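For reference, the chain that follows is the form predicted on its own, supplied as structure tokens.
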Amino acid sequence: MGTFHVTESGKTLVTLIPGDGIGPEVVDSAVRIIEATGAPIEWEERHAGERVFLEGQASGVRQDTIDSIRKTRVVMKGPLGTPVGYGEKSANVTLRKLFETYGNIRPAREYPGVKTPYSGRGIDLVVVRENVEDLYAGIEYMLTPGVAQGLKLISRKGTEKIVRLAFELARAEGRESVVAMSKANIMKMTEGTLKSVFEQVAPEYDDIESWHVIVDNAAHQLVKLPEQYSVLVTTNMNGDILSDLSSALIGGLGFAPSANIGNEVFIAEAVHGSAPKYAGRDVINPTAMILSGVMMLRHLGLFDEASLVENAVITTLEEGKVMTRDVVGDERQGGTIGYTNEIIKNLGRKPTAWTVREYAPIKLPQLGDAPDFVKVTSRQVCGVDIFIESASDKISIGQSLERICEGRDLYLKMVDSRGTMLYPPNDVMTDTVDAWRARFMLRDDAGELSDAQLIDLLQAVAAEHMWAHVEKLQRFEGEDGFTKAQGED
């Protein structure tokens, strides 16, 4: 855990990023309420997002903002926009990656006074989403003019951090179960890493019930019977989708707080976007930002102040005297400011039929800094996949590549298109594109493919075909570190 920056007045300094669109309004609401509790916090305002992109900063984050976060280690941030035609990445992703906030925690709990089709079901769950790798690493290529590729990167270390965070959060919040959700049945190495790590770590938390669900079934179950879940842990893209689904069950993104958490830096932010068309109109629901501030207070150890705010929010919703338009329509619309004032008025009160959970500090996983987190005693490069571009047919391509193998220590094992083996010839009926994968294996399976052999093969292939990229095929501890194509033996 990073050390917080305490000012001369004895208060904790927090980096405050108002954000874009409705951001300044909802952030101001959260700040006013937190200050009304007397929480010992000082704010250091900095900027990121749309205005910074327009200044010509490609990352969307100013250097003085980065410097402030390195100092304070705690951020409260409004939604950030990316104007069309500016920036290479979103400023949100930039901040998460810069400070290794590897866990995204998104609670979804039923609130009184917020009518939904699920009202009365007692929904009370938290999605714990891996936050910095997976497809969101953003590593993409055009293999050919008409075929795109994205690399799905899942590390054993990153996965263990998020799995342990989920179990530690369950303990800190007194929850009884953690469920892993993955697509391990299809992506056995990437998504499969989540499943296998989860099953290895779970026995260390024998006080918590645990099981695994295939993610498409999880989405089905979340709609059908959401009250069966408490803590859900999943990979980055799955978590992004499932957490938005979860927020819809309890009233929408206006009630969806979140925290980006790492071992050094904590960033509180609402899940919703900047909604520029509503900016400055005093109509937006600030609850998600306020409850994100509650999560920040607990991270700072200010549990009493956090409970004060949460109880006041729930009391306000329960009484329903002043509500925002998204909850009750225009008739009793109290506006962002009026709703905030009502919450401040209710500080110190408790709702009649809703209980704030008891929270303890989360024990964050400490896995060390070594990049080679997984060490092996044996490894073998046994072949190579070469991705080529060709408008020719599968027979011509396969025969050409087999001729190239003559006199070499490698043989052509198969050629596929979009993961389906088409050569050696078979009766598969599938459309093809101009991106092909050719798999070459050593004739002597016990041998080792040298870089010199690989380069020699690549040069021979390049003399007849345009190639896009190469993947070494490796075995670790005698197990294949690569998957087979559909139809490959």
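We number the residues from 1 along the sequence you see. This structure is a prediction, so every number in the text was calculated from the model and none was measured.
Note that the form predicted in complex with a small molecule isn't included here; everything after this is about it.
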task: Sort through P226, G113, G254, G398 and report the residue having a heavy atom within 4.5 Å of the small molecule in the predicted complex.
output: G254
- prompt: Of the residues A312, V415, V128, L80, which one places a heavy atom within 4.5 Å of the small molecule in the predicted complex?
  reply: L80
message: To test your reading of this chain, name the stretch in 283-291, 364-372, 399-407, 158-166 whose heavy atoms come within 4.5 Å of the small molecule in the predicted complex.
response: 283-291
task: Establish, in the predicted complex, whether N92, R96 and S274 all lie within 4.5 Å of the small molecule, using non-hydrogen atoms for the distance.
output: yes
message: Residue-level contact is defined here as any heavy atom of the residue lying within 4.5 Å of the small molecule in the predicted complex; does Y278 satisfy this criterion?
response: yes
query: Going by a heavy atom distance of 4.5 Å, is A270 a contact of the small molecule in the predicted complex?
result: yes
- prompt: Does D326 make contact with the small molecule in the predicted complex, using a 4.5 Å heavy atom cut-off?
  reply: yes
Proximity of I22 to the small molecule in the predicted complex, heavy atoms at 4.5 Å: yes
